[in-house]
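The data below hold one chain only, encoded as structure tokens and taken in the form predicted alone.
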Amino acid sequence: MSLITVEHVARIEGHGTISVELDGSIVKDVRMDIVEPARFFEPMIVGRRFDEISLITSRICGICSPTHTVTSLKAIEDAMNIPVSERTELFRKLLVYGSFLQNHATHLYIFSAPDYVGLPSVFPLAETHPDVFQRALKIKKAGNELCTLVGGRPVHPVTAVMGGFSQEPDPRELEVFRDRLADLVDDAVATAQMFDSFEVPEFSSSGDMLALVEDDGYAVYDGDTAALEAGWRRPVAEYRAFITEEVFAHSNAKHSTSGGRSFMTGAIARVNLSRDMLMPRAAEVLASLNVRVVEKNTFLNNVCQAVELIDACERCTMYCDRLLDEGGTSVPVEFEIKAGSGVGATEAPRGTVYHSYSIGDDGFVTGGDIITPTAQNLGNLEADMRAFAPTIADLPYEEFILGMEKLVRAYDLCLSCSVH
């Protein structure tokens, strides 16, 4: 018996180690050892006032912070039965999509692309292909600045509050940004075409795929949870009934299953479940790519992320038009503090985020539960690793390690979030 380890896998968020157990040349087991220390956000929020929670939970992630902010607000509003205006929802969607733009650009160009062009990092790419590098920075910068425009700063938004927004962007700034987003569509299309051109292994994940869905749109802000292969659709308020978390000795993060099966959440799950809801240019480009109508190849999650970049640019352009033309208000609604329990779910770039809280009559939180995308994906990642490793076990050592790292990076993990 022998053990191959890749400590602190590069180009992912946080720290994790790949461990491969071999009996001669036969792969016996593969693990993703999560070595990040637990951070205890769930007990941290107990005893805090309801209006502090979104500011605290946004610190779970520096990239998905807009999503955690919005999801937290939705859960508390659900607990206290606080309605919000359509204008507030539009601004919240812009905020979430800002994190999509900046995260997908970072992951695709800086974390994943070097794997497919034979480079150790993005820095040589900046010298050999400066146009590609500048495209990455352009998309990421737009995402950061969209979060700033709507949320007050690029990370940990401050203007999104209970029942609305404390401040709106100036209409002239919103108009300028709308035009900028429209111009960004071609860069997003080039991104999708570039990633589609990369050769990926033939592989099919054995797990299911879960994501939010809604009847009249590509769900990122609201909707039910749907399972691709199991074929069910259930309200997010029931998430504890269809997601089970387990603790494993080799990981500081929990693993999730649904109906006894591991599952994947994220861009590939969303595209599989909601491809008919994509914006026109995104749908057109997707139809031209090497992505099947039901796609189970984990490696193509990156291509689906690129398709979502196109959709995000088109959709946010439309949202800006509506905000400029339709009027309304995002001023926080008046509400009464009362006891209750509530659930919120939103799509982060890496997959669905669930928050639930119980609140007492005094407005202080008495209990909380959060499930992040990576905590849902880890079980399926390990299942994929165990299935994929034997198919490349005969490759030279360096190529074997690169193959395993490619699979890990296809998931766009955030290991710091997974140990929230």
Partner chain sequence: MAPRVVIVGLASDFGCQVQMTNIEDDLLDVLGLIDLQYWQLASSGHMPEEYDIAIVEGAVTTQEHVELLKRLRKTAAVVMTIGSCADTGGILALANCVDPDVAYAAVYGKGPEVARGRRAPGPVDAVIHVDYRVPGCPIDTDEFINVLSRALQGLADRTPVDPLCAICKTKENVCFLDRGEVCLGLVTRTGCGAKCPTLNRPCTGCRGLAPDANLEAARAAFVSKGLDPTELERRFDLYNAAREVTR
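Treat the numbers as computed from the prediction; the structure is a model and nothing was measured. Positions refer to the first chain, counted from 1.
Another form, the form predicted together with its partner chain, is not on view; read the next lines as being about it.
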The listed residue (R275, R135, K296, K254) that reaches within 4.5 Å of its partner chain in the predicted complex by any heavy atom is K254
Can you pick out, from V176, A241, V158, V117, the residue that has a heavy atom within 4.5 Å of its partner chain in the predicted complex?
V158
Site check P37, C61 and K141: each within 4.5 Å of its partner chain in the predicted complex by heavy atom:
yes
Should F248 be counted as a contact of its partner chain in the predicted complex, where contact means heavy atoms within 4.5 Å?
yes
Proximity of F123 to its partner chain in the predicted complex, heavy atoms at 4.5 Å
yes
Does G152 reach its partner chain in the predicted complex if we count a contact as any heavy atom within 4.5 Å?
yes
Its partner chain contact in the predicted complex: Y319, any heavy atom under 4.5 Å:
no
Based on heavy atom distances of 4.5 Å or less, which listed stretch (352 to 360, 384 to 392, 49 to 57, 23 to 31) is in contact with its partner chain in the predicted complex?
49 to 57
Would you give me the residues of 76 to 103 that have any heavy atom within 4.5 Å of its partner chain in the predicted complex, in order from first to last?
Q102
